[in-house]
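Shown below, as structure tokens, is a lone chain in the form predicted on its own; questions about how it binds or moves come after it.
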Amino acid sequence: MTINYINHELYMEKVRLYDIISKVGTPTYVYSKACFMSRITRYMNALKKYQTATQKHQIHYAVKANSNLTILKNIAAENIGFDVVSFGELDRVIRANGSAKKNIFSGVSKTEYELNAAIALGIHCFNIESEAELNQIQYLAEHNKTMIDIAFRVNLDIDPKTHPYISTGLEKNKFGIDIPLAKKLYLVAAKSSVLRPIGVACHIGSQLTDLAPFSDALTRVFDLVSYLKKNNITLQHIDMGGGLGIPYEPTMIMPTIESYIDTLCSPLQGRSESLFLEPGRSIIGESGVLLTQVNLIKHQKNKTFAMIDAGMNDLLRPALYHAKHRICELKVRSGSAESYHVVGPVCETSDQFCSHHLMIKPGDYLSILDVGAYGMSMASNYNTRLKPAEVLVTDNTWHVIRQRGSYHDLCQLEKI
């Protein structure tokens, strides 16, 4: 990511992070525009090699990874699509000048309101995840007297060897439809006068560090597509979801975006279907840091705690997934680093950020790295804590793209 030390102080691009703290305070998320835009460019360039007159490979940014309006607006300006899992996310895309016609609507439990609103906006395609949802969309299409494009998300029962909470492609998971039922539902949809099956979708999990599960998934999808062709159903696209991981730890060896695209696009050469992808973490994850202040140092038997002002309500991943994020000082001092167990202020034992070797004292500032994805988008007001502010860095300038808010704001929707 575009973060480095200059004269022993931490910078993002050409901005001194202390300058942001002096005006905005902590905790604060800070994102590098150069970082996430470069990832988009790499995706688009890698796909360009495989584009043909009939195959229009596309990426749809997964809004759930980071849904800040300014970030969405910058991504929409690149003329790419979005993957949404709620009407709230779709509404954000529209507010950020994105087009509903370039959106894929995923999710296992879409409400009737969400479906009707997305239909009215002209959503490109619904990824259907159950027979009940098919019946629901069939009814709404007939009621609205409109043709709706759909794809079925299939569950391929593939173990991606990731954290169980972000493994989505196993038979025991709530996501998708097994292949035998999918074959039946495609035949039902093909006979409908208001539904048009145009694709097939799958998503086997997140933070994948190996490309083999993607290859396995694509092979199984090809078998389904061949079956459908024999039954006069020709699909326009194959949606392989997202899932490509990022190196949260320096020792992690990750596939590149280019090798990921090669793995999926090479087998598609000579076929008619276009490839759709839904990357989120691999675009925005490494672009973000969370700035936080050390409140107290607490010495306890066999352990020294560094108590910071950022908690699990600000960054949930460590508590939820036992995820590890690198932490570094905003100012490097001379001397020996000590081992600290970095913890937050929330009244939960799980409010911790693992152990790190640091040179710190109370009042110092730290930067938690690689938090651009599933950081702010999962933040909450638990313990009646204010959510962090958000800042976007562009070269040598920075702007607040979400204010911290106030305690007064937290109570505005409540009545006594």
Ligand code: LLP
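In case it trips you up, residue 1 is the first one in the sequence shown, and so on. The model shown is predicted, which means the values in this text are computed figures rather than measured ones.
Only in words, not in the display: the form predicted together with this ligand, which the text now covers.
In the predicted complex, the one of P197, G344, P279, G81 near this ligand [non-hydrogen atom within 4.5 angstroms]: Result of the distance check: P279.
Listed residue (H124, R153, H237, K110) with a non-hydrogen atom within 4.5 angstroms of this ligand in the predicted complex: By the 4.5 Å criterion, the partner-contacting residue is R153.
4.5 Å heavy atom contact, F87 to this ligand in the predicted complex: F87: no contact with this ligand in the predicted complex.
4.5 Å heavy atom contact, V371 to this ligand in the predicted complex: So V371 does not count as contacting this ligand.
Touches this ligand in the predicted complex: G242 (any heavy atom, 4.5 Å): Because a heavy atom of G242 falls inside 4.5 Å of this ligand in the predicted complex, the answer is yes.
R385: touches this ligand in the predicted complex, heavy atom cutoff 4.5 angstroms: Result no; R385 lies far from this ligand in the predicted complex.
Segment assignment from 371 to 379, 351 to 359, 46 to 54, 30 to 38: heavy atom within 4.5 Å of this ligand in the predicted complex: Contact criterion met by 371 to 379 only.
Residues of stretch 385 to 416 in contact with this ligand in the predicted complex (4.5 Å, non-hydrogen atom): The stretch 385 to 416, when checked against this ligand in the predicted complex, contributes no residue at the 4.5 Å heavy-atom cut-off.
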